[in-house]
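Below you will find one chain, with nothing else, as structure tokens; this is the form predicted alone, and questions on how it binds or moves follow later.
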């Protein structure tokens, strides 16, 4: 076990990796995060912990209230939240330079990269400390996201799943039953076609549903056809499987029904409107949309009278199981950078964040479901999202999928962004996915080679 207090033992975080993280960037002074002024004077004698977190706006205010709660709950440490854009890249630079923060707020797909780069401390290094975390406190899929290669590396800091949100008033307006929302891809397609509207010039004024609205999850759709992007046991990309190809063929058909250009133009017109009064769903220009649970927060702020409901995203007819909903799960996580100044105090804060009560406070304010195995009745009853039970069921389902737990996920995902656009424009899905799988596998193989070299290097 390495000693986190000695930066000299961080040789596995190469200077080349650190420089690469900011290649092409601005000067370091502009790049580096700056702490905001503290809300109050830090009490004397406290150990000050720098906590880098990506959230700003209402989400940042919510996590600040939790931080304030921790600071008032004990007299050993004082957590200072520092809003940081792109914390992953900046943290790699900071760890490589021997000056990391004490706590990092990252995404679940960052866990593998930080673990394999030895840029974070495994939580089993604190197994004998007060507050040691039992992974059974989480829903099983959440616990899986927080570990890598059999070791725990992160604590959770909210999670989310996707659901199909439907405007019940618009559905009722065309004679559809707002109490019977689509559960299969076929039902979704048929209903979406009935909901499309055009103005006098033939331009789309309302869509029933578009899979590129928003375009944030181009890798999501194979899950709904029974496919998977990655075989972890063999470290293989699987996006060219029959199920994945069927998913992207469906995407091509969705575009073709309206026309790729018209559907693309409609989606692009709302690219900067999400989570605002002009959001396509909140404003009524999209009758159905796949979104995360936070959408309810923006609905109650901008259009509280909107009559909406959510269901699990419709599936290929051979996939549904109402008792075990299928979907995708992602999480925000907390990690302790290796070489941080105060690892013991950092772990105490991370452990505090893993309590059911704290997680329900944060998840409630972010309008998300709870990542914890136990969920209070009051949390569900008073939640701002009337469909939170849908998200909770997906999170707890044994059939929920998490993003590929590999350090190669980000470049793999970038390939899928381009592939989605190609299929949308009429490209052959089978040929495109076969090419993407080959390129993704090359990325995975390089990551595997790097991992093996690091595993053979001295700690």
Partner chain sequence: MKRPPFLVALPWILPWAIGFVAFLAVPIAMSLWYSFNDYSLLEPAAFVGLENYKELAGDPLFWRVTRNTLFYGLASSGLSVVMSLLIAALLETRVRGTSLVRAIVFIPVLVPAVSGAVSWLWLYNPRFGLINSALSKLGVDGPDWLGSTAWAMPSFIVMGLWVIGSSVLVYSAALRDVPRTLYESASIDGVGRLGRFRHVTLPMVSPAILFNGVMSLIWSLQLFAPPHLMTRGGPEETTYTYSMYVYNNAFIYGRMGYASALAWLQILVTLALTLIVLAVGRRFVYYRAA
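Residue numbers count along the first chain shown, from 1. Please read these numbers as outputs of a predicted model, since none were measured by experiment.
Omitted here: the form predicted together with its partner chain. The next part is about that form.
Task: Single option in 134, 231, 86, 193 placed near its partner chain in the model of the complex, where near means a heavy atom within 4.5 Å - done: Contact residue from the list: 86.
Task: Selected contact from 262, 384, 251, 117, since only one has a non-hydrogen atom within 4.5 angstroms of its partner chain in the model of the complex - done: If I apply the 4.5 Å criterion carefully, the residue I get is 117.
Open item on the list: Does its partner chain, in the model of the complex, lie within 4.5 angstroms of each residue among 415, 422 and 450, using heavy atoms as the measure?
Closed with: Yes, each of 415, 422 and 450 comes within 4.5 Å of its partner chain in the model of the complex.
TODO: Mark residue 410 yes when one of its heavy atoms lies within 4.5 Å of a heavy atom of its partner chain in the model of the complex, and no otherwise.
DONE: Flag for residue 410 set to yes.
Open item on the list: When the contact criterion is heavy atoms within 4.5 Å, does residue 76 count as touching its partner chain in the model of the complex?
Closed with: No, residue 76 is distant from the partner.
TODO: Verify the contact flag for residue 268: yes if a non-hydrogen atom of it lies within 4.5 Å of a non-hydrogen atom of its partner chain in the model of the complex, no if not.
DONE: Contact check for residue 268: yes, within 4.5 Å of its partner chain in the model of the complex.
Open item on the list: With a cut-off of 4.5 Å between heavy atoms, is residue 159 one of the residues that contacts its partner chain in the model of the complex?
Closed with: Close contact is absent here: in the model of the complex, residue 159 is far from its partner chain, nothing within 4.5 Å, heavy atoms only.
TODO: Let me know which residues along 83-101 have a heavy atom within 4.5 Å of its partner chain in the model of the complex, or say none if there are none.
DONE: Result: 86, 88, 89, 92, 93, 95, 96.
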